[in-house]
Structures are given as C-alpha cells and as structure tokens.
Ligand code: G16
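One chain comes next, on its own, written as structure tokens: the form predicted on its own.
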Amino acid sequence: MDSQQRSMLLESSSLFPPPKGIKLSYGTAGFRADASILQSTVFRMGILAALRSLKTEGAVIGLMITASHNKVSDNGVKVADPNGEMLTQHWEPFADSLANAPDPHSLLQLIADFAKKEEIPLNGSKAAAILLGRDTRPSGEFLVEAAKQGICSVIGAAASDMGVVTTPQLHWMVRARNKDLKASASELDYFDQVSTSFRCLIDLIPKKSHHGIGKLIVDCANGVGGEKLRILKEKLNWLDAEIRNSGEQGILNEQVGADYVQKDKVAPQGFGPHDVGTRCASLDGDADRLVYFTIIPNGNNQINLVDGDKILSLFALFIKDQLSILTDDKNEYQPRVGVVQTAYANGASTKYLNQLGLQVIFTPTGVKYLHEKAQEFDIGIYFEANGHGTILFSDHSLCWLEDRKSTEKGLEKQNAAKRLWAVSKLINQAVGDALSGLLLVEAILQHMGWSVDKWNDLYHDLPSRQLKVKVADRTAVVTTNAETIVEKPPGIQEAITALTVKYPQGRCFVRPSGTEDVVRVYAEANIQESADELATCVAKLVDQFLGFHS
C-alpha cells in the first residue's frame, strides 16, 4: 500500500468513527442495526466492496442498503458477489473485523494485512466497480453517501448509484453485468427480461387451460415492491392484480409484509372480510420474500397460509412435468433435479416432494447454505418456509434447453423446452425475488388452471410449534446433520429423541440462534396439541441442560 492510499484511508475513516461499546456481526444477510449507528459500518463495507472487486479482477460487486423485513428505524448493508450471490463466507470474518476496528490506524492495519494475504493490489493499477442500491427507508440516503465515501477511499474504485431498487434487482444487475461485460444491465433491462419471460409462459399455455384464475391482491409491505410491481403491471397490461400497502401512506413492515403474515398467520393491515375468496400475496419490505394466503371466512383475520414450502412444491411439480414431456429413455442427458430445504421445512412438504420422486437435500438454516447446495444440481430448487428461495439452472442445462427448443420435432416437446427456458429467464438466479417469483406462480397457476385452494391442497401441513429458550451461552449448543442433531452438550439429544418418539408423526430439533443468546425449538406432530406439548417439554429440557432459567 503506497502513501497516497494510506493517507486517503486514514483521512476518510476519521470522518466515520465507530459507535462506542457496540459490536456488530455479519449475519446470514449482512449487518443490521438501528440506522443511527450504521454510518461507520456502511462506510467500511464500501471499502470491503472495493477490495472484493479488486480481488475478483475488477468484477462488479453490489452493495445493498436495506434491513429487509425489519422495522423502518433499522437499516443494514449486504454485499453481492460477482454472480449476484451473497458475499463469500470466506470474507465474512474480515467484514466483522473491519466493522469493529476501534480506530483509523487499526482499520488501516487490518486492510493492509488482509490485502497482503489475499494478494489484492492497492496501488491504483486496477479498477474496481461497485453498484449501490437502497430500499425506501429514509436513512438510506445518508448511508449510501457513507458507502460512496468508503468506495472512493480506495484508489481506482468507482461507485454507480442505482437509486431505490429491490434487493433482488441489485443482485440481478450485478450478475448480469458480470455475465456480459458489455451489458449495462439496468433496472429497465430487469423489467424487460421478466415481463418478456412471463408473457412467453402465458402464450405457451395449452388452449384447454386458457381460462382465468381470478383476481390477485398483493400486499407490498409499504416497501419498495409497491412501486416496482406497479411498473411491471403496466408493462404487462396485467389488469387482474390489485396493489395494496404500496408505501404511499402506511409504515414499512408495520403489521404488513411476508414476514408478518408468515409468522403470525394473520392477514396484513388493509385486508379484511371483503377479501374472502380472493387469492392474496404478500412481499416483504425489500421484495425478496413471497408468501400467498387466503382469508378464512368469519375467522377474525385468520388466514390459510401458502408459504415457501408450497411455492417450492408448485415450482418442483411444474418443472418435473415439463421434463417428463421433454425427456425419455432415449435421451442421453437427463437433467438432475434437486430440492434443497432446511429442517424448518414442514415434514409434509418433504414427504410430498419425495413422493414426486425428487431428491431432497437438507442444509443448515440460511440462504447462503441453500444456494450453495442447489448449485450442485442441473436444476436446483430451494425455498425456506419464510418465502425466500429461487431456482438455479446450470450452464449445461441451459445449453441443452436452448438446443432442444429449436431442434425438437414434436410441438409438445418443443413447447416444454421453451417453457423451461422461459422459467430460467423469469426466475432470479442470483437470489430469492418476490416479484419474479410472483409472476412465476401466477403463470403456473394459469397453466394448470388451478385456484389457490387447489394449490394449497397439494398436501396438508403437519401441526408445528416454534419456541425459543433464553440461555447463558448459545455457543454451548453444537449441532450436526443440517442442525437436526445436537452433539453438545452430551445427553440432550438422547433426551429429545426419547420425548419425540412418544408422539405420532413427532419430529423435533433445537438449534442456537445466529444473532441472540437463545436456543430455538421446533416441533411437529399429528395434532396441534401434541406439537405444542412436545415443543414445551423440549424447551424445558434445554433450560435444564444449559443451566439458565428464563
């Protein structure tokens, strides 16, 4: 590092002192905290993004300012790698150290040591490019400015501000720019690609299925999704969708949004008895999660939830159906399809997917683990129950589909190849995307001619219960086998197993939280009373074994 670079980093970092007495951690989706204490962290993530671009031979890196489904006073920052995926786990400890360095000189030393270890040139010999995006939070503007200062403190680094975008749009733009270095890959390009792909799927619906499936109402969590869905609706001339909680009046994520609907299993604000019988969907604040629901008649705002597991099952069924048209025993290449879930997936969904003949793999909780595992398949589908997920197509499978959609002699097979190709263009292969996911759900439901109730009847969820137990030290719990088995402390897993076998269709696991000193308990059984009882008994076990009483 030359003297100019050294002085630039020292001078700029002195303008962004870290908050005293606060330690921040790069979680599964970056840093999140009250917006008032994040300027220093966002400034430093600007530096990290520039270093990451230099490390990846000048690839475009993304920096998104958002706190997703958190309350409006919070904010956060996450880094998108060249493929549009989340920051490589290898760099997460560096992100933690950078955020928590106590002063400019400590920060400078950290950067110098890391750059040397990673062989990152800090002499201006290479250029670095970073795309910046933010959601609709008022704090986003001043945090973007802090990020720009961090980026510009690295010689040769330049920031492009994409303005207010959804998180998935920024990830998509990063991926697209790195796939084709000549492409501008703007927000307009995103809208063009998803709308064209959606229209293609609608045009390929067999004539016998060509009938409407009724009106859709979308809760946009008073976030960025409202404005973006309106643009999509206009591009598609898609008149049968009503947008609510668009952000013009209500408060971001307050009793609205996918996280609220999925966790509390109630209708969001602005929905009521007049919506009974209508298909409803809910996005979260930055539009990377999606769930569907219907309102129960006379149910005091209660809903029938159609969560990420059901979305995954719909996608898996459609892909399997199209592949069965396209492939036969004569085909040398049979795409390997895999479904990836976490232990929180309802056991009934896993059983359904197995009955379809699909391979189901489990990973620890966190999108980064699911995404990584899904990449091992020709077509990998992953979703968490919270509504975050996507479909990944390997380069080999895409080349195969492109060839088959033009060389197939039979129209039925040709159309199946075209449908799967359109799915690969519609779905966001960088990250979970509520807007592209919504369009894919709508296209498949229209293709099938299904109501939301018929979709929801694919299988019936087992009753479940989640609890959390306060503990003195969550790191005392060590799990294995995708977090379903406890290795430490010794004896607790045997006790959990002994309790679980007492309940028909019983399943239970515990795992430490990634962010707070609690242990989470998840239980399933054949009836709700049994699921509640199993969860309560296991929560007591956790309390006994960890010697800390809540």
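Note that residue numbering begins at 1 and tracks the sequence as displayed. The structure presented is a predicted model; accordingly, all values stated were derived computationally and were not measured. We call the rigid core the largest set of C-alpha positions that still match within 1.5 Å between the two forms.
Absent from the display: the form predicted in complex with the ligand. The rest refers to it.
Student: Does this chain block the ligand or leave room for it once its pose in the model of the complex is superposed onto the site C-alphas (blocked: 3 or more ligand atoms within 2.4 Å of backbone or C-beta; open: none)?
Tutor: Here the answer is open - the superposed ligand has no atom within 2.4 Å of any backbone or C-beta atom.
Student: Find out whether any non-hydrogen atom of T365 is located within 4.5 angstroms of the ligand in the model of the complex, and reply yes or no.
Tutor: Result yes; T365 sits at the interface with the ligand in the model of the complex.
Student: Answer yes if any heavy atom of K55 is within 4.5 Å of a heavy atom of the ligand in the model of the complex; otherwise answer no.
Tutor: Contact with the ligand, no.
Student: Give a yes or no for R134: in the model of the complex, does one of its heavy atoms lie within 4.5 Å of a heavy atom belonging to the ligand?
Tutor: Heavy-atom contact with the ligand at 4.5 Å: absent for R134.
Student: Even though the ligand is not shown here, does A29 get within 4.5 Å of it in the model of the complex, heavy atoms only?
Tutor: Within the cut-off, so yes.
Student: Consider the chain as shown here, without its partner, and state which of Q429, N386, S139, Q322 has a heavy atom within 4.5 Å of the ligand in the model of the complex.
Tutor: That would be N386.
Student: Looking at heavy atoms inside 4.5 Å, which stretch does the ligand contact in the model of the complex, given the options 415-423, 199-207, 435-443, 288-296?
Tutor: Contact-bearing stretch, as computed: 288-296.
Student: Rigid core aligned, does the Cα position of F509 differ by 2 Å or more between the shown form and the other one?
Tutor: Yes.
Student: After superposing the rigid core, is the C-alpha displacement of I47 2 Å or more between the shown form and the other one?
Tutor: After core superposition, the C-alpha of I47 moves less than 2 Å between the shown form and the other one.
Student: Does the distance between the two CA positions of V521 reach 2 Å or more between the shown form and the other one, the core being superposed?
Tutor: Yes, shifts by 2 Å or more.
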